[in-house]
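The form predicted alone is given below as one chain in structure tokens.
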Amino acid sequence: MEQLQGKHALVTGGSQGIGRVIALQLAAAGIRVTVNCANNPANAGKVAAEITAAGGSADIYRCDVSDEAAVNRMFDDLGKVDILVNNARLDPWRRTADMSEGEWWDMVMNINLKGCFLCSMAFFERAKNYGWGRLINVSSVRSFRPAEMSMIAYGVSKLGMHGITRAIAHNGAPFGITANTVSPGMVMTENLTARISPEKYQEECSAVPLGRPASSEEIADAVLFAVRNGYVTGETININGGMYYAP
């Protein structure tokens, strides 16, 4: 198990939901955390304040991860980043009725997959000089299960993250860099709580063998495992209540 005190983690999309709890748990392990957001610095600031109030170390960085120049600037500004958690995503329910298939595809891929790729590449190019690094991509059980027609773009974007994980794991191994994917199923975040009706909640839970959603803390625990364990790399941690059983 690795000593994490004094390490620096960047959590993309860390201003709410799973990202917020990942940031909190990394900070509780003694890691300095940068909370990234694209559109809500006030929320990101609240997460950083939570961390510092608990005795941890945190700051925020506003950056659109689909903007290559902005991503490189972020990594230059932050200095040494030991741990990257690619958690930023476009909510699949954000699509409006007037959006074409192509417009929606581009929007989803830009954030979910291009953002992951750009941050991973910027991280790798710097971390290989440090001799140590941890990359965790937060994917989804939807990368494995057949998608409804409205969710194809989202599922494909999340499936692509696995390819990035394996490539960084393979190419990063000589430099002490590991890369893994955490693939959640249904997670009870504040967005889901606000959006889902009691009837829809029961319907969704009925598709989960364990009969309930995960908490964000359970997902963050899997991320922390991948950070702490230096011998697991190129793997997918499926944490979905039995919605998908990997071979």
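From 1 onward, residues are counted along the sequence shown. Worth saying up front: this structure is predicted, and the values here are computed from it rather than measured.
Below, we turn to the form predicted in complex with a small molecule, even though it does not appear here.
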| property | result |
| --- | --- |
| All of A88, I111 and S139 within 4.5 Å of the small molecule in the predicted complex, heavy atom check | yes |
| Close approach of Y154 to the small molecule in the predicted complex, 4.5 Å, heavy atom | yes |
| In the predicted complex, S206 touching the small molecule (heavy atom, 4.5 Å) | no |
| Contact flag, V33 vs the small molecule in the predicted complex, heavy atom cut 4.5 Å | no |
| Partner contact for I18 in the predicted complex: the small molecule, 4.5 angstroms, heavy atom | yes |
| Selected contact from I51, I60, M186, A222, since only one has a non-hydrogen atom within 4.5 angstroms of the small molecule in the predicted complex | M186 |
| Option from 80-88, 145-153, 164-172, 120-128 whose residues, in the predicted complex, bring a heavy atom within 4.5 Å of the small molecule | 80-88 |
